[in-house]
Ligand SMILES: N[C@@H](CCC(=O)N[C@@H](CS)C(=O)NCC(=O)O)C(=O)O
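What follows is a single chain, given as structure tokens, in the form predicted alone.
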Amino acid sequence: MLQLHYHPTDASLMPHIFLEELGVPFELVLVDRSRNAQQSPEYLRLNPNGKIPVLVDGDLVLYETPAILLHLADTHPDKQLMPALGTPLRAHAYKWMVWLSNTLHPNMTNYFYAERYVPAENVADFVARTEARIGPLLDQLEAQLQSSGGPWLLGETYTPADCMALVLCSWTRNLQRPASSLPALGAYIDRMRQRPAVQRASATERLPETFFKKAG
């Protein structure tokens, strides 16, 4: 059985949602961050970077969220949750998954963990500068949704990129200009929240209503 090592609200929520979309049996294994379990010798044997998530599929141990999502899509082609190989739409799915992972996600990490990167007296300025960088990235997502016509990031085709975009947009909820405040992105977040897979993953991880969209 597929095994996902996760922690609630972390990046592991992306493959958790996608596993629910696939509707295949899987097991969740909690990585207790309150005990720094992601740095334990046992976990480091799975992922030497000490990051969450990890997917175990038989003898295959896989980390890096986009790799996990693409592997799941490729090993369940009957679910048709990725465009056909060799098509422009497939290439755009790759592009957005890499962009979300390599461009938006690192900026969100900088925003939440500024103290890791700068001295304490510089944290407030670093956070403000990071938030200023995130704004145009959200505008880029907004423009993509408007140009694709929705309802999903690539238009009519739902892909793992949607799982990534939802979680990353949700992480912006406490910014002065969160993703939910943009017209297309706000409606997109609401549509995503209505998907049964998102609701099941949210219930399992006991996410509060305010996780996806700040109250008020």
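Position 1 is the first residue in the sequence shown; the rest follow in order. Keep in mind that this is a model prediction, so the values were computed, not measured.
The discussion below concerns the form predicted in complex with the ligand, not included here.
Visitor: Please determine whether each residue of R33, I52 and R116 possesses a non-hydrogen atom within 4.5 angstroms of the ligand in the model of the complex.
Guide: Yes, each of R33, I52 and R116 comes within 4.5 Å of the ligand in the model of the complex.
Visitor: Heavy atom to heavy atom, is W171 within 4.5 Å of the ligand in the model of the complex?
Guide: Although the ligand is absent here, W171 would touch it in the model of the complex, with heavy atoms inside 4.5 Å.
Visitor: Given that the ligand is not shown alongside this chain, does Q38 nevertheless sit within 4.5 Å of it in the model of the complex, heavy atom to heavy atom?
Guide: Judged by the heavy-atom cut-off of 4.5 Å, Q38 is in contact with the ligand in the model of the complex.
Visitor: Although the partner isn't part of this model, could you tell me whether S101 comes within 4.5 Å of the ligand in the model of the complex, counting any heavy atom of the residue?
Guide: Yes, S101 lies within 4.5 Å of the ligand in the model of the complex.
Visitor: Is D57 close enough to the ligand in the model of the complex to count, meaning some heavy atom within 4.5 Å?
Guide: Contact with the ligand, no.
Visitor: Based on heavy atom distances of at most 4.5 Å to the ligand in the model of the complex, which listed stretch, 185-193, 149-157, 59-67, 172-180, is the contact stretch?
Guide: Of the options, only 59-67 has residues within 4.5 Å of the partner.
Visitor: Going through 1-19, which residues have a heavy atom within 4.5 Å of the ligand in the model of the complex? Please give them in sequence order.
Guide: Read in sequence order, the residues that approach the ligand (within 4.5 Å, in the model of the complex) are D10, A11.
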